[in-house]
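In the form predicted on its own, a lone chain appears below as C-alpha cells.
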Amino acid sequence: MSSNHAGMSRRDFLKTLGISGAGAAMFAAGLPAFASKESAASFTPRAQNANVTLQLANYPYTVPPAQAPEGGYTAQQQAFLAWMEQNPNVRIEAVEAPIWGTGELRTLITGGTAPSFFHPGVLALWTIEGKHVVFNQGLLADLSAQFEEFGLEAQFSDAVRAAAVEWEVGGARFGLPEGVTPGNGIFFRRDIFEEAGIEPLTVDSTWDEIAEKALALTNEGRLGMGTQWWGVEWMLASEGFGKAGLFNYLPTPENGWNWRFDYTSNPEMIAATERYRRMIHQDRSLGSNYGDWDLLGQFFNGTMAIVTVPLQYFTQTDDIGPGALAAQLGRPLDEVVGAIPHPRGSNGHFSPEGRPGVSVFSVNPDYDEATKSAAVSLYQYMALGEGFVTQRQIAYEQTGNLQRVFSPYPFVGTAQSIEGVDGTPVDAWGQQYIDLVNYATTTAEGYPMRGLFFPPELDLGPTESAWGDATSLFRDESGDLDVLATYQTAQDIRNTQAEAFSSVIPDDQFIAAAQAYYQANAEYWQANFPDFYENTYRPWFEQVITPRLGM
C-alpha cells in the first residue's frame, strides 16, 4: 500500500480527504499530471492588486505553485488556476496551520488567524449537533447570503438537499458540502470467499454471520476481518447503542444539562461488546487497531477478507482502491469486491451508521461579506461548476478511465454525468454499487436526526474521554474484563461531568423538541421496521422516555 497513507487514523485521513471524501480534492489526488496544453504552463497566480485574500492550509484544495511543476499541473490545479484567472481581485496564499487539532483550531479562530477553510467536525466531536453548537458559538461563518448569491441549493443533488441538517441550522447555512457518502459499510473479497467455498455477504447478513465467516476465513497469513480503532461502535450502533445512541442518550429536562447517559440498562449492549472482544481475543479473527487506509491496504493485499470502511471508498481510484485491485487480478470489479451496509441489529434496528451523509467544510467567521463571497465562489467553481467538470473531462481525455471520471461517486451536484464523457457511473463501478447507493438512500429516507429537532446549545457538554477509555479497554485488554462494570464507570464519569453544564434551551422548548423527535422516531420505525417498533422501540419509549418527559 502507499506509504504516505500508512498508519492513518480517522482524523488523519480527514486531513487528506475530509470526512466522507473531499470532492475534487480526493478526485484530483488520483489524476495524472496535465502538462500537454500550452495554457498549463502559462497560468500564474494573479493577485498583485487584490482586494480580497484567501488563505488555504492545504484543505480542501492545494494552492498551485506559480510555475508548473515537473510533469505539469494536475487537473485540480488546472481548474484552480482557471478560477484565479477569472478572479484577479482575489489573492491566494498557501499557509501552514494546525487545522486538525481541536484546541489548535479553536485557538486559531478565536485569535483571528484561522485559514479560509477548515472542517467543522474538528471542533464539534464529529457530530451534527456539535456542528450546530460551534456555529452557535460564532466559530463558523454564516454563509446564508452567499448561498443565495450563488444559488447553491439549486445546484445540490437530492441527497445533499435531504441532508441539510449537516450544513444548516435554524435557517442559517454554515457548511459547504464537499462529498456524499452512501454510509459506513463493509467491503468483502468475493474472490477469497469463493476460493474458500463460503457464501458471500448480503444486505441481510447479521453481525453473528459475519463473525462466523471471519473466523472461517482466518489463517496464518490472513485476518478474517479488520475494523478501525472504534470498531466496537459499529456493532453497537446496529443495536441502537453507542456513546450517544438512541437507547443511551436520555432526555432529562429537570436537570441543568438536558441529557444523561445510560450504558448499563441494556443486556444487548453487553452481548454485542462481548462478541467484539471474543473475535479479537479468543477467535483472533478480528483486528481492530487500524485506520481507514491501513484497512484498504490490507484488503488490497488479501491479508484481510472483510473490512469496515465508508462505502464511497468503493469509488476510490488510489493504488489500493477496489478498481486497482480488480485490475491487478484481471477480473471484473463485481467479481472481486462486494459491499454491504452495516447489518441491522438482532432486534431489527437499522444502524444510523448506514445512513447516507454529507461532508462539509466551513469558512473563517471573521471574514467580511466580500471575502466570504470569494471563498464560496471558489467552492462553487471547484465542486459544482465549470472547474468540477473540467477536472473530469481532463481525466477522461488523458486516461479514458471512467473510474477516474466518476470518483468519488455520488457527486455533490445535481448532474451525475459529465458532458463529453462516453460512459456512466454504472459503466465505471457496476450496477451492484449503484444498487447499494440506492438501497442505503431509500432505507434511510426520513431517519430522524436529533439536530433536526433540538435547538443548538452553547456548550458541547461532557467530553468523550470516558467513552474512549472504555472502548480502548474492550479492544486492548485481553484478559478477563467485566464489560458491565467498565460501562458503569464510563456512565458515572459522563453523568458527573454533565452536572457541570447548563442548558440554554428553556424546558418547555426542550420538552416540545423531544416529543417531536421521539414521535418522528415512532413514525420512521413503524413505517420501515415494524418488528423493531413493536417489540423494542415502543415498549422502551413507554417505559423509559414517557416518564422523563412528563407525558
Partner chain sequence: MAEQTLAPGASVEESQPAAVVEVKLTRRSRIEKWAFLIPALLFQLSWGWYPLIVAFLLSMTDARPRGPISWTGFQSYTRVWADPLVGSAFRVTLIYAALSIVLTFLIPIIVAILLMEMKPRVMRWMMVLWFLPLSGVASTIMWRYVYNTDFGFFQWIAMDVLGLPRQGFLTSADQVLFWLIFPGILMFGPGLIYMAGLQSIPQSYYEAAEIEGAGLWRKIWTISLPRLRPIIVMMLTFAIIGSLQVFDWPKLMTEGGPGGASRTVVMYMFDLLNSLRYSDATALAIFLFILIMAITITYRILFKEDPDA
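Positions refer to the first chain, counted from 1. What you are looking at is a predicted structure, and each value in this text was computed from that prediction instead of being measured.
Another form, the form predicted in complex with the partner chain, is not on view; read the next lines as being about it.
Judged against the partner chain in the predicted bound form with a 4.5 angstroms heavy atom cut-off, the residues I109, D469 and F501 are in contact without exception. The candidate stretches are 460-468, 376-384, 410-418, 340-348, and the one lying within 4.5 Å of the partner chain in the predicted bound form by heavy atoms is 460-468. Think of it this way: in the predicted bound form, the partner chain has a heavy atom of just one of P455, G400, G138, G423 within 4.5 Å, and the residue is G138. Just one of E148, D208, E195, E477 comes within 4.5 Å of the partner chain in the predicted bound form, counting any heavy atom, and that one is E477. Taking the partner from the other structure, the partner chain in the predicted bound form has no heavy atom within 4.5 Å of any heavy atom of A162.
By the criterion of a heavy atom within 4.5 Å, R278 is excluded from the residues contacting the partner chain in the predicted bound form. Shown alone here, A172 lies farther than 4.5 Å from the partner chain in the predicted bound form, counting heavy atoms only.
Mapping the unseen interface onto this chain, L473 counts among the residues with a heavy atom inside 4.5 Å of the partner chain in the predicted bound form. Shown here without the partner chain, the chain has only R284 in 245-284 lying with a heavy atom within 4.5 Å of that partner in the predicted bound form.
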